[in-house]
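Below, in C-alpha coordinates: the form predicted on its own, a single chain.
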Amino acid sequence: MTKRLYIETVGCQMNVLDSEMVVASLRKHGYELTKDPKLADTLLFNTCSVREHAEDKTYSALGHLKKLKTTNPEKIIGVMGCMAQKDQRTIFERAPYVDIVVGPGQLQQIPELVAKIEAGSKCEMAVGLGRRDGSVDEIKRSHETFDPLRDPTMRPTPYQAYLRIQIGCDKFCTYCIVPSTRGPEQGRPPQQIYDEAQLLAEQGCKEITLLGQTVNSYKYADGGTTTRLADLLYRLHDIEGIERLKFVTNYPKDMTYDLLQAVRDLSKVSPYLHVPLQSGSDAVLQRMKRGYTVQDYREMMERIRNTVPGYAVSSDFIVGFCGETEEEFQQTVELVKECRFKNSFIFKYSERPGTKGAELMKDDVPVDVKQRRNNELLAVQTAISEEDNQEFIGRTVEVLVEGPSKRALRDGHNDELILQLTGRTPCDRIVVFDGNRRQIGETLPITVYDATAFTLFGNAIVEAFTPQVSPLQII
(Lines give C-alpha, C1' and ligand atoms only; values in the text may rest on other atoms or scores of the structure.)
Protein backbone atom coordinates (compact mmCIF):
# COMPACT_ATOMS: atom_id res chain seq x y z
CA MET A 1 0.00 0.00 0.00
CA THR A 2 1.30 3.46 -0.92
CA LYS A 3 2.48 5.55 2.02
CA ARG A 4 2.57 9.32 2.04
CA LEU A 5 5.54 11.53 2.91
CA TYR A 6 5.53 15.19 3.95
CA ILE A 7 8.92 16.91 3.92
CA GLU A 8 9.77 20.49 4.90
CA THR A 9 13.18 22.00 4.14
CA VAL A 10 14.86 25.10 5.55
CA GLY A 11 18.37 26.40 5.00
CA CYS A 12 20.91 26.22 2.22
CA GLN A 13 21.14 24.55 -1.19
CA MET A 14 22.82 21.57 0.50
CA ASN A 15 19.62 20.95 2.44
CA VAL A 16 17.52 21.24 -0.72
CA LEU A 17 19.73 18.60 -2.34
CA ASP A 18 19.63 16.38 0.76
CA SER A 19 15.83 16.47 0.71
CA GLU A 20 15.83 15.42 -2.94
CA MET A 21 18.00 12.42 -2.07
CA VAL A 22 15.80 11.38 0.86
CA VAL A 23 12.61 11.63 -1.21
CA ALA A 24 14.19 9.51 -3.95
CA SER A 25 15.20 6.92 -1.36
CA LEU A 26 11.77 6.74 0.25
CA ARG A 27 10.02 6.52 -3.12
CA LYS A 28 11.85 3.22 -3.57
CA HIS A 29 10.14 2.07 -0.37
CA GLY A 30 6.63 2.86 -1.55
CA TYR A 31 6.23 6.51 -0.56
CA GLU A 32 4.59 9.31 -2.52
CA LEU A 33 4.74 13.01 -1.62
CA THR A 34 1.94 15.03 -0.09
CA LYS A 35 1.79 18.74 0.75
CA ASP A 36 -0.68 18.15 3.58
CA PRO A 37 0.86 17.06 6.94
CA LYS A 38 -2.51 15.66 8.00
CA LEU A 39 -2.42 13.12 5.17
CA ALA A 40 1.19 12.04 5.71
CA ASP A 41 2.27 8.75 7.27
CA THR A 42 5.80 10.11 7.76
CA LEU A 43 6.75 13.76 8.29
CA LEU A 44 10.36 14.89 7.94
CA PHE A 45 11.91 18.25 8.78
CA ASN A 46 15.26 19.02 7.15
CA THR A 47 16.85 21.56 9.43
CA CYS A 48 19.47 24.31 9.57
CA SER A 49 21.63 25.47 12.49
CA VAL A 50 23.45 28.41 10.93
CA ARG A 51 21.19 30.89 12.73
CA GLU A 52 19.01 30.66 15.81
CA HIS A 53 15.95 31.79 13.84
CA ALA A 54 16.10 28.66 11.66
CA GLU A 55 16.14 26.41 14.73
CA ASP A 56 13.26 28.30 16.36
CA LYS A 57 11.27 27.87 13.16
CA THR A 58 11.76 24.10 13.27
CA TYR A 59 10.79 23.76 16.94
CA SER A 60 7.71 25.89 16.27
CA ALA A 61 6.73 23.65 13.35
CA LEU A 62 7.23 20.55 15.50
CA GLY A 63 5.05 22.10 18.21
CA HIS A 64 2.16 22.38 15.77
CA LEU A 65 2.39 18.63 15.14
CA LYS A 66 1.96 17.63 18.78
CA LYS A 67 -1.83 17.50 18.50
CA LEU A 68 -1.57 15.65 15.18
CA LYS A 69 0.63 13.00 16.77
CA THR A 70 -1.68 12.70 19.78
CA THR A 71 -4.66 12.11 17.51
CA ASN A 72 -2.76 9.63 15.33
CA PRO A 73 0.18 8.04 17.22
CA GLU A 74 1.13 5.94 14.20
CA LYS A 75 2.38 8.99 12.35
CA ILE A 76 6.19 9.05 12.22
CA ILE A 77 7.93 12.39 12.80
CA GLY A 78 11.61 12.81 11.94
CA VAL A 79 14.15 15.62 12.29
CA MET A 80 17.10 15.47 9.92
CA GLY A 81 20.00 17.70 8.95
CA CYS A 82 22.31 20.08 10.79
CA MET A 83 20.09 20.79 13.80
CA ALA A 84 19.66 17.04 14.30
CA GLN A 85 23.43 16.59 14.34
CA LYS A 86 23.94 19.52 16.72
CA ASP A 87 21.09 18.97 19.20
CA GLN A 88 20.77 15.17 18.99
CA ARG A 89 18.88 13.90 22.09
CA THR A 90 17.91 17.45 23.06
CA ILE A 91 15.32 17.24 20.27
CA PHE A 92 13.66 14.23 21.95
CA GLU A 93 13.65 16.15 25.23
CA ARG A 94 12.11 19.31 23.76
CA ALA A 95 9.73 17.44 21.45
CA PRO A 96 9.17 13.94 22.91
CA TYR A 97 6.72 13.05 20.14
CA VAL A 98 9.59 13.05 17.60
CA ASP A 99 10.47 9.50 16.52
CA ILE A 100 13.65 9.92 14.48
CA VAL A 101 16.72 12.18 14.71
CA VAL A 102 19.25 11.78 11.89
CA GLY A 103 22.32 13.83 10.94
CA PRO A 104 23.39 14.88 7.43
CA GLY A 105 25.86 12.00 7.20
CA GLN A 106 23.28 9.31 7.98
CA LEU A 107 20.47 10.25 5.61
CA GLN A 108 20.83 6.98 3.72
CA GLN A 109 19.62 5.23 6.91
CA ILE A 110 16.21 6.95 6.97
CA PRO A 111 14.22 4.11 5.32
CA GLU A 112 15.72 1.67 7.82
CA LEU A 113 14.98 3.98 10.77
CA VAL A 114 11.38 4.47 9.61
CA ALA A 115 10.97 0.70 9.37
CA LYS A 116 12.22 0.29 12.95
CA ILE A 117 9.67 2.79 14.23
CA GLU A 118 6.93 1.00 12.26
CA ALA A 119 8.05 -2.24 13.93
CA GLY A 120 7.54 -0.75 17.38
CA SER A 121 10.78 1.02 18.32
CA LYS A 122 10.14 4.04 20.54
CA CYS A 123 12.74 6.36 19.00
CA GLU A 124 15.77 6.11 16.72
CA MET A 125 18.83 8.32 16.37
CA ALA A 126 21.68 8.20 13.86
CA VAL A 127 24.28 10.98 13.91
CA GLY A 128 27.91 11.48 12.91
CA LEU A 129 30.90 11.52 15.22
CA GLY A 130 32.04 14.79 16.74
CA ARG A 131 35.28 16.30 15.48
CA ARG A 132 37.16 14.89 18.51
CA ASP A 133 35.34 11.57 18.85
CA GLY A 134 37.57 9.34 16.74
CA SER A 135 40.31 9.16 14.16
CA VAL A 136 40.11 11.38 11.08
CA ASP A 137 39.08 8.40 8.93
CA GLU A 138 36.42 7.30 11.42
CA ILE A 139 34.97 10.80 11.61
CA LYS A 140 34.96 11.12 7.80
CA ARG A 141 33.16 7.79 7.43
CA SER A 142 30.52 8.97 9.89
CA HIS A 143 29.76 11.98 7.64
CA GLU A 144 29.15 10.11 4.39
CA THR A 145 27.77 11.82 1.33
CA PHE A 146 24.44 10.56 0.03
CA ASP A 147 24.29 11.46 -3.61
CA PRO A 148 23.55 8.71 -6.15
CA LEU A 149 19.74 8.84 -5.73
CA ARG A 150 17.97 11.75 -7.45
CA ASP A 151 14.32 12.84 -7.68
CA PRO A 152 13.63 15.37 -10.47
CA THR A 153 10.33 16.46 -8.90
CA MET A 154 12.20 17.96 -5.94
CA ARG A 155 14.42 20.31 -7.96
CA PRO A 156 14.03 24.10 -8.26
CA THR A 157 12.87 23.51 -11.86
CA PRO A 158 13.05 20.49 -14.19
CA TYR A 159 15.93 22.22 -15.99
CA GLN A 160 18.15 23.05 -13.01
CA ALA A 161 19.83 20.81 -10.48
CA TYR A 162 22.34 20.89 -7.65
CA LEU A 163 25.32 18.55 -7.69
CA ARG A 164 27.43 18.14 -4.57
CA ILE A 165 31.16 17.90 -5.21
CA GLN A 166 32.34 18.38 -1.62
CA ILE A 167 31.03 17.78 1.88
CA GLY A 168 32.13 19.22 5.19
CA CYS A 169 34.41 22.11 6.05
CA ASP A 170 37.81 22.53 7.73
CA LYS A 171 37.89 26.34 7.96
CA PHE A 172 36.49 26.52 11.54
CA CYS A 173 35.36 30.16 11.40
CA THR A 174 34.54 31.14 14.98
CA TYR A 175 30.88 31.98 14.21
CA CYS A 176 30.09 28.85 12.19
CA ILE A 177 28.67 25.49 13.33
CA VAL A 178 29.01 23.76 9.92
CA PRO A 179 32.37 22.01 10.57
CA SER A 180 30.68 20.30 13.52
CA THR A 181 27.39 19.42 11.82
CA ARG A 182 28.73 18.46 8.38
CA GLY A 183 32.10 17.03 9.42
CA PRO A 184 35.54 17.16 7.77
CA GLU A 185 36.08 18.55 4.29
CA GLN A 186 35.95 15.76 1.70
CA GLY A 187 35.94 15.98 -2.09
CA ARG A 188 33.88 13.42 -3.98
CA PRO A 189 35.61 11.32 -6.68
CA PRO A 190 35.64 13.14 -10.06
CA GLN A 191 34.26 10.15 -11.95
CA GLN A 192 31.32 9.90 -9.56
CA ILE A 193 30.60 13.61 -10.10
CA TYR A 194 30.89 13.25 -13.88
CA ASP A 195 28.55 10.23 -13.96
CA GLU A 196 25.97 12.09 -11.88
CA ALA A 197 26.20 15.14 -14.15
CA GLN A 198 25.60 12.93 -17.18
CA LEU A 199 22.54 11.45 -15.47
CA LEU A 200 21.21 14.95 -14.77
CA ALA A 201 21.73 15.90 -18.42
CA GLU A 202 19.84 12.78 -19.53
CA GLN A 203 17.00 13.82 -17.20
CA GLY A 204 16.73 17.17 -19.01
CA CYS A 205 18.85 19.44 -16.80
CA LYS A 206 20.40 22.35 -18.65
CA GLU A 207 21.98 24.11 -15.66
CA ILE A 208 23.97 22.42 -12.91
CA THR A 209 25.15 24.21 -9.78
CA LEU A 210 28.12 22.52 -8.10
CA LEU A 211 27.85 22.67 -4.31
CA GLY A 212 30.45 22.75 -1.55
CA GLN A 213 30.80 24.57 1.75
CA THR A 214 33.89 26.15 0.19
CA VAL A 215 33.44 24.77 -3.29
CA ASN A 216 36.60 26.24 -4.84
CA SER A 217 38.66 24.45 -2.18
CA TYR A 218 37.65 21.17 -3.85
CA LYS A 219 40.38 18.64 -4.42
CA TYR A 220 40.52 14.90 -4.82
CA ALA A 221 43.78 12.96 -4.71
CA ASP A 222 43.98 9.59 -6.45
CA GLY A 223 47.47 8.14 -6.55
CA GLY A 224 49.72 10.76 -8.08
CA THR A 225 46.85 12.80 -9.57
CA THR A 226 45.04 15.63 -7.80
CA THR A 227 41.85 16.98 -9.33
CA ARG A 228 40.76 20.52 -8.44
CA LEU A 229 37.68 22.53 -9.33
CA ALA A 230 39.17 23.96 -12.54
CA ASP A 231 39.95 20.41 -13.77
CA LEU A 232 36.42 19.34 -12.93
CA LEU A 233 34.89 22.24 -14.88
CA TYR A 234 36.86 21.36 -18.02
CA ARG A 235 35.61 17.78 -17.79
CA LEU A 236 31.96 18.62 -17.09
CA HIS A 237 31.96 21.25 -19.85
CA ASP A 238 31.94 18.51 -22.51
CA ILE A 239 28.69 16.86 -21.36
CA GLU A 240 26.07 17.17 -24.08
CA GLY A 241 22.85 18.87 -22.99
CA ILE A 242 24.38 20.90 -20.18
CA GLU A 243 24.27 24.61 -21.09
CA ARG A 244 25.37 26.24 -17.84
CA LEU A 245 27.67 25.39 -14.95
CA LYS A 246 27.72 27.37 -11.70
CA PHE A 247 29.50 26.76 -8.40
CA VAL A 248 28.84 28.01 -4.85
CA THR A 249 30.00 28.95 -2.22
CA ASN A 250 33.58 30.15 -2.69
CA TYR A 251 36.41 30.94 -0.29
CA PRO A 252 38.45 34.07 -1.13
CA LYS A 253 41.92 32.55 -0.68
CA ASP A 254 41.13 29.72 -3.12
CA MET A 255 39.94 31.94 -5.99
CA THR A 256 43.06 31.16 -8.04
CA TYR A 257 44.10 32.28 -11.50
CA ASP A 258 43.71 28.79 -12.97
CA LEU A 259 40.10 28.63 -11.74
CA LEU A 260 39.31 32.12 -13.06
CA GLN A 261 40.89 31.23 -16.40
CA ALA A 262 38.58 28.21 -16.61
CA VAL A 263 35.60 30.51 -15.93
CA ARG A 264 36.85 32.81 -18.69
CA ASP A 265 37.63 30.12 -21.28
CA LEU A 266 34.69 27.72 -20.82
CA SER A 267 31.57 29.11 -22.45
CA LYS A 268 29.19 27.06 -20.29
CA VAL A 269 30.65 28.26 -16.98
CA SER A 270 28.77 31.17 -15.44
CA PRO A 271 30.82 34.30 -14.68
CA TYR A 272 28.81 34.62 -11.46
CA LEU A 273 31.00 34.15 -8.36
CA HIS A 274 29.60 34.12 -4.84
CA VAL A 275 32.49 34.90 -2.49
CA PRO A 276 31.58 35.75 1.13
CA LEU A 277 33.61 38.60 2.64
CA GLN A 278 31.74 38.74 6.01
CA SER A 279 33.45 41.97 7.18
CA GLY A 280 35.50 44.86 5.82
CA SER A 281 37.57 45.08 9.01
CA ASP A 282 40.79 43.13 9.43
CA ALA A 283 40.26 43.05 13.19
CA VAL A 284 36.81 41.50 12.82
CA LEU A 285 38.04 39.04 10.18
CA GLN A 286 40.74 37.96 12.60
CA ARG A 287 38.20 37.45 15.40
CA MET A 288 36.09 35.47 12.94
CA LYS A 289 39.18 33.40 12.02
CA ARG A 290 38.44 33.85 8.33
CA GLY A 291 42.04 33.29 7.27
CA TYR A 292 42.41 36.30 4.97
CA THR A 293 42.73 40.08 5.17
CA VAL A 294 40.89 42.90 3.45
CA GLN A 295 43.92 43.29 1.17
CA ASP A 296 43.72 39.59 0.24
CA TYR A 297 40.10 40.12 -0.78
CA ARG A 298 40.99 43.24 -2.77
CA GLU A 299 43.65 41.28 -4.64
CA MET A 300 41.13 38.54 -5.38
CA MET A 301 38.71 41.12 -6.80
CA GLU A 302 41.53 42.48 -8.96
CA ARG A 303 42.23 38.97 -10.30
CA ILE A 304 38.56 38.58 -11.17
CA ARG A 305 38.38 41.99 -12.89
CA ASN A 306 41.52 41.28 -14.93
CA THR A 307 40.56 37.73 -15.92
CA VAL A 308 36.77 37.28 -16.31
CA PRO A 309 34.85 39.50 -18.76
CA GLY A 310 31.27 40.21 -17.69
CA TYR A 311 31.86 38.92 -14.17
CA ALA A 312 29.40 39.38 -11.31
CA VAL A 313 30.41 38.91 -7.68
CA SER A 314 28.01 38.58 -4.76
CA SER A 315 28.91 38.32 -1.09
CA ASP A 316 27.82 37.52 2.46
CA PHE A 317 28.15 39.77 5.51
CA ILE A 318 27.64 39.35 9.24
CA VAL A 319 26.95 42.58 11.11
CA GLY A 320 27.24 42.93 14.87
CA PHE A 321 29.82 40.19 15.35
CA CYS A 322 31.43 40.04 18.81
CA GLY A 323 33.14 43.34 19.64
CA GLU A 324 32.33 45.03 16.31
CA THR A 325 32.77 48.78 16.78
CA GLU A 326 31.09 51.48 14.74
CA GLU A 327 34.40 52.19 13.02
CA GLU A 328 34.80 48.52 12.05
CA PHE A 329 31.27 48.46 10.68
CA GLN A 330 31.91 51.59 8.62
CA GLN A 331 34.98 49.87 7.13
CA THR A 332 32.58 47.21 5.88
CA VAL A 333 30.30 49.86 4.39
CA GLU A 334 33.22 51.47 2.55
CA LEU A 335 34.45 48.14 1.18
CA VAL A 336 30.99 47.29 -0.14
CA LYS A 337 30.99 50.63 -1.97
CA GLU A 338 34.43 49.85 -3.36
CA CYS A 339 33.71 46.29 -4.51
CA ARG A 340 30.20 47.02 -5.90
CA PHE A 341 28.79 43.53 -5.43
CA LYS A 342 25.93 42.39 -7.64
CA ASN A 343 24.07 41.64 -4.42
CA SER A 344 24.87 40.76 -0.83
CA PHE A 345 23.27 38.50 1.75
CA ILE A 346 23.42 40.37 5.06
CA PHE A 347 22.81 38.74 8.43
CA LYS A 348 22.83 39.86 12.05
CA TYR A 349 25.27 37.82 14.12
CA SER A 350 23.57 34.90 15.85
CA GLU A 351 25.59 33.17 18.56
CA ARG A 352 25.79 29.42 17.94
CA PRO A 353 26.47 27.10 20.89
CA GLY A 354 29.36 24.81 20.06
CA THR A 355 31.37 27.41 18.14
CA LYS A 356 34.54 29.15 19.32
CA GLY A 357 32.71 32.45 19.06
CA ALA A 358 30.19 31.35 21.67
CA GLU A 359 32.88 29.74 23.81
CA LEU A 360 35.50 32.50 23.83
CA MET A 361 33.78 35.78 22.92
CA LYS A 362 30.92 37.83 24.23
CA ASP A 363 27.95 38.60 22.00
CA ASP A 364 28.09 42.23 23.10
CA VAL A 365 26.56 44.23 20.25
CA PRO A 366 22.98 45.23 21.21
CA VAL A 367 20.15 43.85 19.08
CA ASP A 368 18.99 47.32 18.02
CA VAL A 369 22.52 48.21 16.86
CA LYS A 370 22.71 44.99 14.85
CA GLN A 371 19.38 45.80 13.21
CA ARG A 372 20.42 49.37 12.39
CA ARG A 373 23.70 48.18 10.85
CA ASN A 374 21.87 45.49 8.90
CA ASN A 375 19.47 48.09 7.47
CA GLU A 376 22.26 50.55 6.67
CA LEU A 377 24.42 48.02 4.85
CA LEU A 378 21.39 46.66 2.98
CA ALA A 379 20.48 50.18 1.83
CA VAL A 380 24.02 50.74 0.52
CA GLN A 381 24.00 47.43 -1.34
CA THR A 382 20.51 48.02 -2.76
CA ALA A 383 21.56 51.39 -4.18
CA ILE A 384 24.62 49.82 -5.83
CA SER A 385 22.56 46.95 -7.28
CA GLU A 386 20.01 49.37 -8.74
CA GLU A 387 22.69 51.63 -10.27
CA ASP A 388 24.50 48.71 -11.86
CA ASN A 389 21.28 47.11 -13.14
CA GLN A 390 20.34 50.37 -14.89
CA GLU A 391 23.31 49.80 -17.21
CA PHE A 392 21.52 46.77 -18.67
CA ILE A 393 18.65 48.84 -20.06
CA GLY A 394 18.75 48.60 -23.84
CA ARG A 395 21.00 45.56 -23.81
CA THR A 396 20.08 42.04 -24.87
CA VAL A 397 20.78 39.29 -22.36
CA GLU A 398 20.59 35.51 -22.57
CA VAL A 399 17.99 34.05 -20.20
CA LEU A 400 17.31 30.47 -19.19
CA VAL A 401 13.55 30.53 -18.63
CA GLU A 402 12.70 28.91 -15.29
CA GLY A 403 8.91 29.25 -15.21
CA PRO A 404 6.10 31.62 -14.19
CA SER A 405 7.14 34.72 -12.24
CA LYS A 406 6.13 35.24 -8.62
CA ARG A 407 3.51 37.72 -9.79
CA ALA A 408 1.99 35.21 -12.22
CA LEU A 409 1.79 32.62 -9.44
CA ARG A 410 0.37 35.14 -6.95
CA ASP A 411 -2.28 36.39 -9.39
CA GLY A 412 -3.34 32.90 -10.37
CA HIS A 413 -2.07 33.10 -13.96
CA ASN A 414 0.10 29.98 -13.67
CA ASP A 415 -2.21 27.87 -15.84
CA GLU A 416 -2.51 30.38 -18.68
CA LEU A 417 -0.67 29.97 -21.99
CA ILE A 418 0.44 33.61 -22.08
CA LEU A 419 1.88 34.81 -18.78
CA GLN A 420 4.78 36.60 -17.12
CA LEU A 421 7.88 34.39 -17.03
CA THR A 422 11.13 34.58 -15.11
CA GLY A 423 14.67 33.36 -15.66
CA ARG A 424 18.29 34.25 -15.06
CA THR A 425 21.19 35.56 -17.08
CA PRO A 426 24.57 33.79 -17.07
CA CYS A 427 25.68 36.27 -14.37
CA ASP A 428 22.64 35.28 -12.26
CA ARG A 429 20.52 38.41 -12.72
CA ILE A 430 16.78 37.81 -12.51
CA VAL A 431 14.80 38.77 -15.63
CA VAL A 432 11.01 38.84 -16.03
CA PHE A 433 9.16 39.17 -19.34
CA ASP A 434 5.85 38.33 -20.97
CA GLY A 435 5.91 35.05 -22.83
CA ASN A 436 4.19 31.72 -23.24
CA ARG A 437 4.47 28.40 -21.47
CA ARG A 438 6.24 26.76 -24.42
CA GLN A 439 9.26 28.97 -23.70
CA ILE A 440 9.83 27.47 -20.23
CA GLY A 441 13.11 25.59 -20.24
CA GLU A 442 14.42 27.43 -23.30
CA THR A 443 17.35 29.84 -23.42
CA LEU A 444 16.13 33.07 -25.02
CA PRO A 445 17.49 36.50 -25.94
CA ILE A 446 15.69 39.16 -23.91
CA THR A 447 16.02 42.92 -24.47
CA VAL A 448 15.95 44.82 -21.18
CA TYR A 449 13.70 47.90 -21.02
CA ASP A 450 13.65 48.58 -17.25
CA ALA A 451 15.45 47.58 -14.06
CA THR A 452 15.22 47.68 -10.27
CA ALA A 453 17.81 46.66 -7.70
CA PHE A 454 16.62 43.06 -7.85
CA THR A 455 15.06 42.50 -11.28
CA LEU A 456 15.55 43.25 -14.97
CA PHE A 457 12.39 43.64 -17.09
CA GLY A 458 12.51 42.77 -20.76
CA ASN A 459 10.91 41.68 -23.98
CA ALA A 460 11.61 38.41 -25.74
CA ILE A 461 13.18 38.82 -29.17
CA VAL A 462 11.02 37.04 -31.73
CA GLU A 463 12.82 36.22 -34.95
CA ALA A 464 10.98 37.00 -38.16
CA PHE A 465 9.19 33.90 -39.45
CA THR A 466 9.56 33.03 -43.13
CA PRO A 467 7.24 30.18 -44.15
CA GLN A 468 8.84 27.35 -46.08
CA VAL A 469 6.81 26.85 -49.26
CA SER A 470 6.91 23.69 -51.33
CA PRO A 471 7.65 24.24 -55.07
CA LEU A 472 4.36 22.45 -55.80
CA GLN A 473 2.51 25.31 -54.02
CA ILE A 474 4.05 28.02 -56.16
CA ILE A 475 1.70 29.22 -58.85
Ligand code: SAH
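Just so it is clear, the model here is predicted, and its values are computed rather than measured. The numbering used is simple: start at 1 and walk along the sequence shown.
Another form, the form predicted in complex with the named molecule, is not on view; read the next lines as being about it.
With heavy atoms only and a cut-off of 4.5 Å, decide whether residue 446 touches the named molecule in the predicted bound form.
Residue 446: no contact with the named molecule in the predicted bound form.
Test of understanding: in the predicted bound form, would residue 278 fall inside 4.5 Å of the named molecule by heavy atoms?
It does: once the named molecule is placed as it appears in the predicted bound form, residue 278 has a heavy atom within 4.5 Å of it.
Spell out, yes or no, whether the shortest heavy atom distance between residue 392 and the named molecule in the predicted bound form is within 4.5 Å.
Residue 392: no, not in contact with the named molecule in the predicted bound form.
Even though the named molecule is not shown here, does residue 40 get within 4.5 Å of it in the predicted bound form, heavy atoms only?
Outside the cut-off, so no.
Location of the named molecule contact in the predicted bound form, chosen stretch of 121 to 129, 332 to 340, 222 to 230, 350 to 358 [non-hydrogen atom, 4.5 Å]:
The contacting stretch is 350 to 358.
Could you work out which of 162, 317, 272, 218 is the residue within 4.5 angstroms of the named molecule in the predicted bound form, going by heavy atoms?
Of 162, 317, 272, 218, the residue with a heavy atom within 4.5 Å of the named molecule in the predicted bound form is 317.
Just to confirm, with a 4.5 Å cut-off on non-hydrogen atoms, which of 26, 62, 50, 421 contacts the named molecule in the predicted bound form?
Selected option: 50.
Does every residue of 175, 213 and 290 put a non-hydrogen atom within 4.5 angstroms of the named molecule in the predicted bound form?
Each of the three qualifies.
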